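First, one chain by itself in structure tokens, the form predicted alone.
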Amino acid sequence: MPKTTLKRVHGYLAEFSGAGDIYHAAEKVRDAGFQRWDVHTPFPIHGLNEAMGVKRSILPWFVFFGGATGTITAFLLCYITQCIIYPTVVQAKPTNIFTTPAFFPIMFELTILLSAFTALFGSFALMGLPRFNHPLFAAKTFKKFSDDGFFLCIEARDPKFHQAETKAFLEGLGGRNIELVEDEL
């Protein structure tokens, strides 16, 4: 008995002829109110983020608080160990808050370390990584996106997604080779 694989609809993938066409299609998809969609191009297109309505990332705030946590942790670690638990008196220097300049190298290093880790793992979390396979990789036409293809994909998770209406909408935008992309469960 052959094994059957269950599939669910990921969305519609449409190909456009050039950068200008994909740019204007992105504006129309944004204006139509779609929320779960993306554009794939072989090179960056100036202004495409604005055309797509992409908001500014929250990642800089994560990095700021990660760096601030590093600074505060380093200060407390140095202060508690050098001034409270085991006061180190070197050449009659004080063992109080005025020894802070000696803590600067450690504070700097821990700030950079936690900022870098927050940027790395925050990026992964915001992008939904690691994801080892994407349904678009199985699409027939998507293989040329990094060479000379301009693609727009509207995902089925979008609240406005309806198979027939979304396909007609993409055809109306000038999309060609419109393909229904499925994902194996």
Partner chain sequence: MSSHSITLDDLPRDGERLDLAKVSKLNGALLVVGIAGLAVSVLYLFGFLGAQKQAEFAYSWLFAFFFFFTLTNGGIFWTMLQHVSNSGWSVAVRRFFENLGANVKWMAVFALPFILIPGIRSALWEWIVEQQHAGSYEGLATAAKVNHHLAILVAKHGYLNITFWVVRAVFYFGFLIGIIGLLRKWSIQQDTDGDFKHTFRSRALCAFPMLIYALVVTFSAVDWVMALDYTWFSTMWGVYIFAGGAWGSMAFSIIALSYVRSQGYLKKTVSMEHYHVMGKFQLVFTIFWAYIAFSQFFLIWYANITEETRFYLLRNTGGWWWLSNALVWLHFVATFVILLSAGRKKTPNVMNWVCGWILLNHLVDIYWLIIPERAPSLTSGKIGEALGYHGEPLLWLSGAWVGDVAAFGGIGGICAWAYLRRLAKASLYPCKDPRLLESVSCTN
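In this text, rigid core is short for the largest set of C-alphas that superpose within 1.5 Å between two forms. Just so it is clear, the structure is predicted and the values come from calculations on it, not from any experiment. Positions refer to the first chain, counted from 1.
What follows is about the form predicted in complex with its partner chain, which we do not show.
Q: Would you check whether its partner chain, in the predicted complex, lies within 4.5 angstroms of a non-hydrogen atom from each of 23, 101 and 104?
A: Yes, the whole candidate spot contacts its partner chain.
Q: Quick one: does residue 46 come within 4.5 Å of its partner chain in the predicted complex, counting heavy atoms only?
A: Within the cut-off, so yes.
Q: Would residue 75 show up as a contact with its partner chain in the predicted complex if we use heavy atoms at 4.5 Å?
A: Although its partner chain is absent here, residue 75 would stay clear of it in the predicted complex, with no heavy atoms inside 4.5 Å.
Q: Find out whether any non-hydrogen atom of residue 108 is located within 4.5 angstroms of its partner chain in the predicted complex, and reply yes or no.
A: Yes, residue 108 sits close enough to its partner chain in the predicted complex that at least one of its heavy atoms falls within 4.5 Å.
Q: Taking its partner chain as it sits in the predicted complex, is residue 56 in contact with it (heavy atom to heavy atom, 4.5 Å or less)?
A: Contact with its partner chain, yes.
Q: With the partner removed from view, which of 133-141, 118-126, 156-164, 56-64 is the stretch that lies within 4.5 Å of its partner chain in the predicted complex, judged by heavy atom distances?
A: Going through the listed ranges, the match is 56-64.
Q: For the heavy atom contacts within 4.5 Å of its partner chain in the predicted complex, list the residues of 75-96 involved, in sequence order.
A: In sequence order, 91, 93 come within 4.5 Å of the partner.
Q: So with the core overlaid, does the Cα of residue 90 end up 2 Å or more away between this form and the one not shown?
A: Yes, because once the rigid core is superposed, the C-alpha of residue 90 moves 2 Å or more between this form and the one not shown.
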